[in-house]
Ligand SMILES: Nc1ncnc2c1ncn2[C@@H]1O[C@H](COP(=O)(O)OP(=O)(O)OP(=O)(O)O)[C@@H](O)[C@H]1O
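Let's start with one chain on its own, the form predicted on its own, as structure tokens.
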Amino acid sequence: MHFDFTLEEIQTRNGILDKLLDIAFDAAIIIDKDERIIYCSKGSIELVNSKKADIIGTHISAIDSESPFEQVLKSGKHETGVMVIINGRKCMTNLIPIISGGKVIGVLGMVLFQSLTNLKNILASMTQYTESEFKNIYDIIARVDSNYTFNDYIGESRLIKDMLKECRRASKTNYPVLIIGETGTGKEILANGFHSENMKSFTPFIKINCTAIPDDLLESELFGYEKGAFTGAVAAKKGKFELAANGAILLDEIGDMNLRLQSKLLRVLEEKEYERIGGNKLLPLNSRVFAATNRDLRELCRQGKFREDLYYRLNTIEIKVPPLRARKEDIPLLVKHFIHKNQLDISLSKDALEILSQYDWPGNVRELRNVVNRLSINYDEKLIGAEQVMQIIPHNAELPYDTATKYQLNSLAAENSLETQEKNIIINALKYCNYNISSAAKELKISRATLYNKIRKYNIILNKQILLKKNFV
């Protein structure tokens, strides 16, 4: 297989070839006979996280030293299904020679899968209803797929920039990493990022959730077992540490591991060796260990529920992931990312984003992602306003406002309930302003978003006809 193009055709930019490569593949690059890059698609620029001006004219080895570009140039034969690592991402590529007048004048490299997750999804659908060799291929790919790099952690706030800078420094070492953060903050993305950051070859990344497996089975899942080690052990089985050889392992929710297994894990980390259950052969620990938890391990140590020596062994590098409520300036960027990633045909108004920024997000980024998805499902409008957002998220944002208004002192002094007073103040303000939300918010000296929340909290019925005339949304 080869392409018949002239040198002029492959050097002509913004033509049909460029458009085709931009649309058809996750990323594409054309090199000339000297292995210099003469074209890179939009996807390839994003993949290598660089500027186009810095890529064009450079040698291909600068961004992809593993693919056999030189071999294809010399042989004139295509290479398909080549697995490579580009900027920490595992990709599947095809390399096709470009021939003109019987001579190889270049190579077109095409990334078919910028993320192996896409390939896994295809293989999963192919094996859903039938047994086939694709299941073995899926298992092999799943073992080496780390999904994310640090660039996939979305945020421009100072907290996130500082955290990612710390992560990139730590990734250059081989020490254990303890990642602490609330549920939904993206701890697994960071663990993937550590594995991907300096990866030069395909190595496994094994994940195990310590709360998802019963205590009596977790030990055998981690260390494996020999045939006959216990009833039901009809054959030997490799454990997660063994499967992670030369790669990395993530012990998720390690704060819930029982004390007996904590003691055994500590020995493994200190001695860097272990045995299968029922075995007497020592196996080397040659994988990097990441641990993650949403628990306060220091407090668990004080309570005697977590070993102090294991804690100090794990936290050689400790990364604290901030909750979303501590970096609310990232919410618009995250919303934009979820809309783009999931190809949602919606956008959020300024008032809608303000409502989102007032919510405390106990489920963090995962909850925000789910809210955006629900908005796209529940409403047909392309522009989502504050009213729609208030129907999705619970009310919890209450900003202070000036209670010394003309609606409070005269008519509500005798009321016993502060909430009743507040509700009546808002109703009077709305009536006074003829249900114009902006005017009422100014009178109450609160934001429009806060007023929306108050209306929803107190189930205040609005006159819809008046609202339509006043262009309520």
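Position 1 is the first residue in the sequence shown; the rest follow in order. Treat the numbers as computed from the prediction; the structure is a model and nothing was measured.
What follows is about the form predicted together with the named molecule, which we do not show.
With the partner removed from view, the residue among Gly224, Pro97, Gly193, Gly184 that has a non-hydrogen atom within 4.5 Å of the named molecule in the model of the complex turns out to be Gly184. Contact with the named molecule in the model of the complex, judged by any heavy atom within 4.5 Å, is made by just one of Leu344, Leu334, Ile392, Leu112: Leu334.
Of the heavy atoms in Ile189, some are within 4.5 Å of the named molecule in the model of the complex. Though the partner is left out of this view, Ala245 does not reach within 4.5 Å of the named molecule in the model of the complex, counting heavy atoms only.
Contact check for Lys77: no non-hydrogen atom falls within 4.5 Å of the named molecule in the model of the complex. Under a 4.5 angstroms non-hydrogen atom cutoff, the named molecule in the model of the complex has Arg369 among its neighbouring residues. Taking the partner from elsewhere, no residue among Glu166, Phe241 and Val289 has a non-hydrogen atom within 4.5 angstroms of the named molecule in the model of the complex.
Contact with the named molecule in the model of the complex, judged as any non-hydrogen atom within 4.5 angstroms, is confined among 262-270, 166-174, 152-160, 231-239 to 152-160. Contacts of stretch 289-318 with the named molecule in the model of the complex, defined by any heavy atom lying within 4.5 Å, are made by Asn294 alone.
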